[in-house]
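A single chain, nothing else alongside it, follows as structure tokens in the form predicted on its own.
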């Protein structure tokens, strides 16, 4: 009996050993190293990206890339789809970078202790601009005694609309010609904008450029004084204080009218002065940012030196019928350099206004009533902003600083979020960026610098 039981035990042990061996074979894993190749548009490290390996049998495993962009897996046999996605920013533009690769993992492909190496090339899709125009204040305000309006206090606010640090070489700002939207007919022939399909937009008359890189932290703003980087409220209470602007368009060698361009506040470092490149004989002594209906855009010349590029006669544009007339000259700015553009139409001239940007850059326009201290302010992307987990309890609602437009209709931020109050409360705001100013902006009753 004991001998019989011993035989049964031996058979059971053998079966158990066989089952264990088969089980080990069935669940044997193999070393796979997936390398994500870096996009050519940036030198941003590709460390810390989650790579997912999804098998046909339902297996889904994640691994994180190291400094070399390599994610390491131990995978059982199966057919896998490897995927990864992240966002990067280069020269002010945000890109979504996607990776996708299918690979069969099979025993016969592995020798002892071998690792299967897979490289996946990136596929980029261009998203919205990383740095955008958040606010434009150019219409002036009433003088305190009601005797007229004051217009030497123009500014714009730019904003890093992303979670990554922005580092932009050769940042520039200019206006599309002509200065006012209601005279845009001067750039039309047979009903067509003459440069609409030429791949460029002319910077009209002049542009200003930074002499150092523009660096902006995530979800941060920077104020650029277009004219008068001083405290204008000392003279007119309805105006704004630009003495603490981050940057100022100031180049007295080209523009010396001190009404428009007084010596900037000592609070602004001289290396934050944006210098001018002037290529038009009109308005010799002062810049002419329209207070009625400007077309303002920001751009980066990337590796091109801004002054040399815009002074090169081969890059010159003239309004139709005004060829070689320096009064009507502009510089051709390739559309791929343009970060953001806003076409503003004066409320009193809507019927005669025409677009100054191609539809690829700006498919709409926003109306402005000037002389009342209003600004053009960007709307909040409510869904994207509320989706940020760090915003819990920090968003302020019931926004009430909208106005009426030229037809008497409401012009306001339909998100209901008070962006400036929320930013002051520590929230991160993501603004609308659809390349249609009619959707992306509204008219704000009080310039944000006045709070």
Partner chain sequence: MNTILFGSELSASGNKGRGIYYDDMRVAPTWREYRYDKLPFMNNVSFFFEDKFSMPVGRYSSLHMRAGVRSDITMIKDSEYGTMVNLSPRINVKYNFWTNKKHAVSDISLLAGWGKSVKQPSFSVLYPAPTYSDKLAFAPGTSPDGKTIYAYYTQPTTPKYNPELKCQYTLQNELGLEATILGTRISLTAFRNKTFNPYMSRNIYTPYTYKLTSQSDIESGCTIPMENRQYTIDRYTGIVTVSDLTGRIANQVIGYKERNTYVSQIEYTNGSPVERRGMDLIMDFPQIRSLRTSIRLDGNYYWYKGLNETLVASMGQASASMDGTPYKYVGYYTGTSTASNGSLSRQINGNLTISTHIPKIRMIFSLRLETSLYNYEQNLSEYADGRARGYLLEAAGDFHGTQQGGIYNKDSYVAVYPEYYTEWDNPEEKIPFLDKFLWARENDRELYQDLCKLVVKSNTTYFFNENRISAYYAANFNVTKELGKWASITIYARNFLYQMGKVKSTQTGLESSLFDSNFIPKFYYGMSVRIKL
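Numbering follows the first chain given and starts at 1. Worth saying up front: this structure is predicted, and the values here are computed from it rather than measured.
Only in words, not in the display: the form predicted together with the partner chain, which the text now covers.
Shown alone, this chain has one stretch from 270-278, 70-78, 348-356, 132-140 that lies within 4.5 Å of the partner chain in the model of the complex by heavy atoms: 270-278. With a 4.5 Å cutoff on heavy atoms, residue 120 does not count as touching the partner chain in the model of the complex; it lies far away. Contact between residue 254 and the partner chain in the model of the complex is found at the 4.5 Å heavy atom cutoff. Mapping the unseen interface onto this chain, residue 193 falls outside it, with no heavy atom inside 4.5 Å of the partner chain in the model of the complex.
When contacts are judged by a 4.5 Å heavy atom cut-off, residue 149 does not count as touching the partner chain in the model of the complex. Think of it this way: in the model of the complex, the partner chain has a heavy atom of just one of 303, 213, 313, 145 within 4.5 Å, and the residue is 313. Of the residues 250, 299, 377, 159, just one reaches the partner chain in the model of the complex with a heavy atom at 4.5 Å or closer; this is 250.
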